[in-house]
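What follows is one chain in structure tokens, specifically the form predicted on its own.
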Amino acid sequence: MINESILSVTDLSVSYWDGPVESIVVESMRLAFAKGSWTAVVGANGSGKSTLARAMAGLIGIRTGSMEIATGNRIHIVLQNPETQLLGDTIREEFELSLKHRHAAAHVTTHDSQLLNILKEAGLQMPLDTPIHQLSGGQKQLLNIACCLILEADVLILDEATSMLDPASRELVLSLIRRLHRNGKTVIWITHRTEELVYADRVLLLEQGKIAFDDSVRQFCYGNTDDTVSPCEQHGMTLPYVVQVVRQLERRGLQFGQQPLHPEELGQAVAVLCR
């Protein structure tokens, strides 16, 4: 992971008012996100995940604290419901509205060839005048990500962006984000699916608006060598499937020299044991 920070949060608090009662949803949070990193943010409903995401994206106000993004960099967010951010009738209109809303027209040219290239990069190859209502849920989410690309966003915040999609559409979105991450984008991935943690460098667990865990994915899923229960399990979450398989094999006496997270890593580890 690159150590240079692209986004930092200092003593950030966010609250909501319910009549005369103020509820603090995110409390005194201090965070820094490394340029080019992938951070997975997890936690139970009401833990503050979405509130933190929307505060960092500038969609809601903050109670106290500050946020700082490295000079020349931009943040964009993709929300849970693919329909939420789409206002245009066609793909072309959606691009135009995105540019107008962010006042970015002076920085991004909008020739059809360039727009089509952005669509292609986002995994969509279709005419610019395609009506948005004809797109599937997964395609709509890919279009939302394409809007991040046309705005030249450096930090992509995805707030449970796959939770309303079918498995095939989830894979399309994940594949795109993995490719963008390899190309240098900084990813902040809010999720409740532990299977999606394995693509991240770091896990940030929130509980009641505070940070309860902040370390690597392997540390979250496996814990220390002498731990019988991992931090993931301690916090009531289900282990990713690959980790579950490893644990079952370990109970049968197999010893792994590494801690697999991906199916490919598990396959390589088992192949070594079979030699």
Partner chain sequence: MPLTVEGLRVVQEASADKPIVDGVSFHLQDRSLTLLIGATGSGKTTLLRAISGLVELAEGKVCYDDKPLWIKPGKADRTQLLRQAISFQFPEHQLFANSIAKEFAYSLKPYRLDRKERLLRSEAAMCDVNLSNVSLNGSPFALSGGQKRRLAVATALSTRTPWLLLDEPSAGMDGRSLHQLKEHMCQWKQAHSIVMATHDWETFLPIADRVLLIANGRLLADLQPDALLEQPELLQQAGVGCPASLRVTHALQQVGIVSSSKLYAPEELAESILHAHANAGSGLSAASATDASWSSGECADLHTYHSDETSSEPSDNSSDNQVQRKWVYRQLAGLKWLMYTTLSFVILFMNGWWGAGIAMLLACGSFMLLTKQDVRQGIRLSRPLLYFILIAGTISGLRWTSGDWTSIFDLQEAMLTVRRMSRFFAITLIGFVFTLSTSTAEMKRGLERALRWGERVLPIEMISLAAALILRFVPLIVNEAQRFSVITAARGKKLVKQGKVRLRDVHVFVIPLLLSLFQMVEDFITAMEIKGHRPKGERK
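Positions refer to the first chain, counted from 1. These numbers were taken from a predicted model, which means no experiment stands behind them.
Omitted from view is the form predicted in complex with its partner chain, to which the following refers.
- Heavy atoms within 4.5 Å of its partner chain in the model of the complex map, among the stretches 222 to 230, 30 to 38, 241 to 249, 209 to 217, onto 241 to 249 alone.
- Contact annotation for Lys120: none of its heavy atoms lies within 4.5 Å of its partner chain in the model of the complex.
- Though the partner is left out of this view, Glu195 does reach within 4.5 Å of its partner chain in the model of the complex, counting heavy atoms only.
- Its partner chain is not shown here, and in the model of the complex it never comes within 4.5 Å of any heavy atom of Asp112.
- Although the partner is absent here, Leu266 sits close enough that one of its heavy atoms falls within 4.5 Å of its partner chain in the model of the complex.
- In the model of the complex, its partner chain lies within 4.5 angstroms of at least one heavy atom of each of the following residues of 220 to 238: Gln234, His235, Gly236, in sequence order.
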